[in-house]
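In the block that follows, a single chain appears as structure tokens, in the form predicted alone.
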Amino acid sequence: MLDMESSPNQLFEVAVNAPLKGYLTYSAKAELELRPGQAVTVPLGSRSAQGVVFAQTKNPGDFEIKDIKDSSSEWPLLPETFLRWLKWLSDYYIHPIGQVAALAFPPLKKKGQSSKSKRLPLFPETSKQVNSPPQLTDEQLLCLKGIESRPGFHVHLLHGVTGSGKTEVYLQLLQNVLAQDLPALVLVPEISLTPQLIARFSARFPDQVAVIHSHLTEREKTTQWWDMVEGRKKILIGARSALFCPLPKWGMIIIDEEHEPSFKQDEKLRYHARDAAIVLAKLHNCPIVLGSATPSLESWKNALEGRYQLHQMSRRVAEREMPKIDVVDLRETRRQRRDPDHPLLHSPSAAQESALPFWLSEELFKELQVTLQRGEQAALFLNRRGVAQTTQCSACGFVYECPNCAISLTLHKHRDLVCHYCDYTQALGESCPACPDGEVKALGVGTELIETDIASLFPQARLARADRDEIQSREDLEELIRSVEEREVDILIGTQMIAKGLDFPGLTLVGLILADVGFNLPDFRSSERSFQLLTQVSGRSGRHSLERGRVLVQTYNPAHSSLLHSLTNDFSAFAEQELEARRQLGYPPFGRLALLRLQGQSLAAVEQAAERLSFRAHKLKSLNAKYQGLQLLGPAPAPLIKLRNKFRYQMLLKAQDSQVIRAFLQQLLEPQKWLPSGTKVQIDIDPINML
């Protein structure tokens, strides 16, 4: 498809950066010497637009052919393999090819790339670090040899407990890739792109590492992009967008924490970086390694069935023990504090215990005391920001809600009410706005309240908080990590920001304030995510300690399967149980899903659109035999029916084959003239966020 022939007036299929379904045909004179992968400027209506040449064509069609304005010498040709991958992304995720191709270029032009930045350097000082690789454990060595014994395209699942040394396996794999003079790509969740990780790779491979992620300036991203494209650097570490760096050949791709939901983009091109990376590796005929202590059930099932090669590490490096995990039943704690006849209330420590905040058990309080006495560090984890999740009038029940979203406002700083979805803010009033006598009280707990309470209980302790309110830039995160590493922090309090990717030698105690937060979300993946989060957070404890690390899990639901399996670090047993539940319901990995989300500013229009969508979907299914196995669920209001001033309905499609789903959607949604004015349909193939 990509071969060119010379002719006086050549016709080209161009992927234009616009919401268009396919290519547009343009003409150009032969002296332009256009080739597939060339960036061009083309007329589009009354304006100019950027595009990428995908192929030459001899079919002019029955419409006016306009001339390509010019080609850009600024950008290199996109490689043919890369073009094929872009086409796959467009087809699989049903997204305009021109908008997909536009992601292949950096945000700024090349000129000015040497300009000085006042920000912190991208690569931390590594002169004090050891460059030579350590001796591998037997398990690490077995995994390394197992992966290297299969050259070419294979998907390898590296399943290792937290602290087992997966990163060192990556580093030694990369050493061998560089020995072949090939580049390598390492994708990690955005939250894991810390100075710790970058410093470790930079120390092993000086001047060979480039970094691309969202906390960089546009100039920094552009410079790093060119460093890879022009071959000055050989290892690219990045978040999901780093996939779009258009190299002609990758020697290896590594996806760390492959289970992370943040690898799925939730807007515009709704692609999953892990799945897209597997396709890219196949096109490049190179190995791809998926690493995790808690693999996604999709990857685990593929490994069990032999489609992926499974490599396992069941022990921590240096034979360090996994942390000791104890559960505190908050129901019992609550009963003790409410029962005037309970023996504990007459014990010597009763006065002290009664002064504890409602969210803190005596067990966790005592462990914090012991940890601080030993001069060690503790981390308290809660995946909720602010002071409280909601505020409510004790007299009439009034709750402050966001006017733009169907959700209550979160209390911050004991006076600011904030929406975590649209950032709407208002002040907390001194009296209830709905009744004359009521008092609005805070309900729930967040990291901000924990910090305040801990400061009162341990006035000598040095505290740090890691959530999106406190950590808003790369500099903030780097300073936090430095202060914890250098023992300037005794107790670290945070959300999932501290749950993964961080490695603190002095951290020996982890307290999970409320493990129940994710147990009952209206999502079939809630148990899987809870198990992953519990395991990952627990894994921060005792990674470098000669003494066994300690974890205390506070919960109102101590019998929840995610918790029971995480206590014994038994991923296989959890996966077996969860896979059986998924199999019975036909959910991934046993079936494929697509989510159709209707949204608009008028609830009536969105409801009308949902009715029309339902009618069209059931009619189409009844008329075509190949769609008989397709399940249509909904449409129904989304769990968050209003978000950022738009009302939302959604329909879920389930089938055994993703091709059936995509074919159905192509027929169902073309054309979209049936949609009421002001409404849109969003397509999410293989959805992760169902809210």
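Source: prediction; values computed, not measured. In this text, residue numbers run from 1 along the sequence as written.
Only in words, not in the display: the form predicted together with a small molecule, which the text now covers.
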Which of 176-184, 87-95, 473-481, 155-163 sits within 4.5 Å of the small molecule in the predicted complex, heavy atom basis: 155-163
Kindly indicate whether 261, 268 and 682 are, all three, within 4.5 angstroms of the small molecule in the predicted complex, using heavy atoms. no
Contacting member of 543, 234, 412, 529, with respect to the small molecule in the predicted complex [4.5 Å, heavy atom]: 543
Give me the residue from 320, 462, 282, 219 that has a heavy atom within 4.5 Å of the small molecule in the predicted complex. 320
Given that the small molecule is not shown alongside this chain, does residue 136 nevertheless sit within 4.5 Å of it in the predicted complex, heavy atom to heavy atom? yes
Can you tell me whether residue 503 touches the small molecule? I mean in the predicted complex, with a 4.5 angstroms heavy atom cut-off. yes
Although the small molecule is absent from this view, report whether residue 194 comes within 4.5 Å of it in the predicted complex, heavy atoms only. no
With the cut-off set at 4.5 Å between non-hydrogen atoms, does residue 167 touch the small molecule in the predicted complex? yes
